[in-house]
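Quick setup: one chain, the form predicted alone, written in structure tokens, and binding and motion questions come after.
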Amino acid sequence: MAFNSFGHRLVLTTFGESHGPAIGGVLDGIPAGLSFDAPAVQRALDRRRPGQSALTTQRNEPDRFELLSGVFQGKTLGTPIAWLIRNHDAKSEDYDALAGVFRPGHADQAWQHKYGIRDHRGGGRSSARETAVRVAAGAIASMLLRNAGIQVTAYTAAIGDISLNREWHQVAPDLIEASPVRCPDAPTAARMQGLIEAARAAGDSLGGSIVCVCRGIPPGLGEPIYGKLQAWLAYGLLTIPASKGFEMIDGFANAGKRGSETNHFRDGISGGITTGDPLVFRVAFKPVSSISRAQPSVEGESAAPLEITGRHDPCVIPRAVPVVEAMAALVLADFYLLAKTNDH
């Protein structure tokens, strides 16, 4: 099994490290003849790119999409679509002092144990920098989904101890991009923004959660028994760096209720197969591990305090919203193509 690839009929393979010359991807399985909207891919990347607001890392990457193959005269060829996103603003010297230590909360020690070698510059391939490739792939998958009438929309539901106090069906999608935190409620977004700014000023970080709503999904997507759609959504979403929890909407809340209260609850999936109803899920993210406060390294309390320099997000949630959409789009497009092959 190739663990740098994801999917069944629609397979994404990514490559590259945070401080290498470029990151990139290959998406295999997009049918021929699909109109290719390159500006839509760039718009998706612009929503994820670093340096987009005062709330994000100030690493200034333009994240320009460079198409290499798979498209001719504005149409997909049915062959692998490949692209590059070059790294322009990596400051590797910021990580020189970390070459011999393991940062707490990061994958440094685990990668060293597994491979006997690691790229300490920004975490190498374990960095969230890799998610830019996923966002590009998700934008391409969304071209296929739009043709099928399927829409995927995510938004910030919580940052720290501040939560959006409304249900997913009460959210106006056109308000999501009105705030840099991507919360579709102006007063709540302002409070979230203030919380992030305070955390950054204190040298600390915050976690939160994102809700994703998928509409227009036809019934019948998903494969029993080990191909249940919610299982593959959970798998895909939990591959995002810093993601720590996944639930179909109200999944944990419903665990404390009775069958008489939940038997008619509709979450878009039954038996692992879509019903035609909207599909809604939530993803939880831990606080960012890179903080400027002095803290012990992984070696233990006896080690000298570690102060992490460089440029880091005080909260990943605003930039993770398009990543969540991308992974959901990849899963749905993959299972849409699987369903097509199963049509009789």
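Just count from 1 along the sequence shown to find any residue number. None of the values given here were measured: they were computed from a predicted structure.
Just so it is clear, the following notes concern the form predicted in complex with another copy of the chain, a form of the same protein that is not shown.
Contact annotation for H113: at least one heavy atom lies within 4.5 Å of another copy of the chain in the model of the complex. Looking at I225, you'd find a heavy atom of it within 4.5 angstroms of another copy of the chain in the model of the complex. Proximity of Q42 to another copy of the chain in the model of the complex falls outside the 4.5 Å heavy atom cutoff. Proximity of E130 to another copy of the chain in the model of the complex: non-hydrogen atoms within 4.5 Å are present. Heavy atoms within 4.5 Å of another copy of the chain in the model of the complex are found in one stretch of 201 to 209, 165 to 173, 183 to 191, 149 to 157, which is 201 to 209. Annotation: in the model of the complex, residues R86, L238 and L337 each come within 4.5 Å of another copy of the chain through at least one heavy atom. Applying a 4.5 Å heavy atom cutoff to another copy of the chain in the model of the complex picks out M248, G251, F252, N254, A255, G256, K257, R258, G259, S260, T262, N263, H264, D267 from 248 to 267, in order along the sequence.
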